[in-house]
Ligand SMILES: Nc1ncnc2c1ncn2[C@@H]1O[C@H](COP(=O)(O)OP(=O)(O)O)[C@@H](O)[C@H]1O
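The chain below stands alone and is given in structure tokens; this is the form predicted alone.
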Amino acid sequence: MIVGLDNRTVAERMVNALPSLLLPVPTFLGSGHYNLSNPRSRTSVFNTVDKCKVRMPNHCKSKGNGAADIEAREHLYLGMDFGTSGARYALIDKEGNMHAEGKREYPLINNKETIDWIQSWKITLFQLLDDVPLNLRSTVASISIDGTSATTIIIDGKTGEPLSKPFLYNESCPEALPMVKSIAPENHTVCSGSSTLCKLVSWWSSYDSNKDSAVLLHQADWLLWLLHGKLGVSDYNNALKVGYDPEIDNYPSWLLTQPYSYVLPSVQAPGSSIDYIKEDIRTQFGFPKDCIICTGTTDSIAAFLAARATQPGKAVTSLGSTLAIKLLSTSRIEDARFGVYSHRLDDKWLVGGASNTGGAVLRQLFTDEQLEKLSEQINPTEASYLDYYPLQSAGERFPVADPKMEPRLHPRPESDVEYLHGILESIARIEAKAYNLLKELGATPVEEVFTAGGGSNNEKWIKIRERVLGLPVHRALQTEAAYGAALLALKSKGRIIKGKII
């Protein structure tokens, strides 16, 4: 198996504390019907993947018998995942069965020697919509999108134009950190140079553009806005790192008293209906008039939803360009000293963080073919004597928050097999350190790990991680965040009554 990482050119992966992200959706009984009046027919979003079977493994192909087959099927739900260098879509039915899926790399449009991410993301969004099989588009009932956490876009609310370049997920604004620390509670999630709030404060202090009509959006918010046209709507997973408190379901008073608080978006639960798809988008691509656009989430939350880890102690490690950890816990943990934060899921908390180690480092050093051949020669039962801290560049977020941490990838042995083994095992040690840290901080101890992302394809790496973690490690049944985003689109099902969104 390949170590991982889909064929992408840069690095890979650039609900209201309402009790509803472990949300009630159809329980799929033998008849396939959902009784709204029977509470026993309601279950969690996670359970919608129980019967998941990928019906269309190939890019942009559809399965069926034309119009008659479409007529026999019920509505479909479209999710899109926007990572660091590419995006995916997944199209599912109400039982979680996959009807179509596909991926696109971002076109790297240069603008004065820098990549114009705004245009790249926009082009890719419309490419994905066009990739949805034409004969299935009329059945799409709702759409949701996930994006990279803390990727921040500030736009002019009057013109819709960006007021600066976007602040990417891993971008740090250390100059804003003292100001943020002076207003936020000690060790709050926003007290990290890469937090959304630090990016907002940095922009507020540095840019001379007119701020009167400024609106802050996260990557997923902005992409969804292109589809629904209502400015200033976010979800409380994305808004966490700008300071939103999902426990009180509001922005805290220490944030609302700041002069830039008017820039903050309104916040809803992920999967909440926002509005119907814009008419020009609908007619261009052939989606139905009653297709709903709903709030999204972050890429790692979407991957967690897709992986179906439903009990406290269950965790998901996403091995993409970076290493993201999410552990379902009965306790909320927030500690910016270590890059640890919690998202709310019903009466539980999704605790974790994201390290800058991961597949991007591997892609710098090896081709996909090399990764596959070298991995086959690794003995995962033997510990590597090499001790690395694999990073693409200086800076680490979790389990150590150190923007100056340097990569450590030497000494390099003569054997490439030993070198790859050492890197894979070193990443596994970072993962183990992360889970041990969460336990020390008071989270529910991890009992089982599901793996998502491109790195989940490498069976040798899974066995190395099992040995290092001392825990069972499994490849998630669904490994793509786009599938989790599609589950959020499914969440909005049933929100239309007599032509109105409720």
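None of the values given here were measured: they were computed from a predicted structure. Heads up: residue numbers just count along the shown sequence, starting at 1.
This next part talks about the form predicted in complex with the named molecule, which is not shown.
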*Taking the pose of the named molecule in the predicted complex and superimposing the surrounding C-alphas onto this chain, would you call the site open or blocked (blocked if 3 or more ligand atoms come within 2.4 Å of backbone or C-beta atoms)?*
blocked
*Applying a 4.5 Å heavy atom distance criterion, does residue 102 contact the named molecule in the predicted complex?*
no
*Please run the contact check for residue 228 against the named molecule in the predicted complex: heavy atoms, 4.5 angstroms, yes or no?*
no
*in the predicted complex, does residue 79 have a heavy atom within 4.5 Å of the named molecule?*
no
*Would residue 197 sit within 4.5 Å of the named molecule in the predicted complex, counting heavy atoms only?*
no
*Which of these stretches, 152-160, 402-410, 363-371, 246-254, has heavy atoms within 4.5 Å of the named molecule in the predicted complex?*
363-371
*in the predicted complex, the residue from 319, 307, 145, 315 that sits within 4.5 Å of the named molecule by heavy atoms*: 319
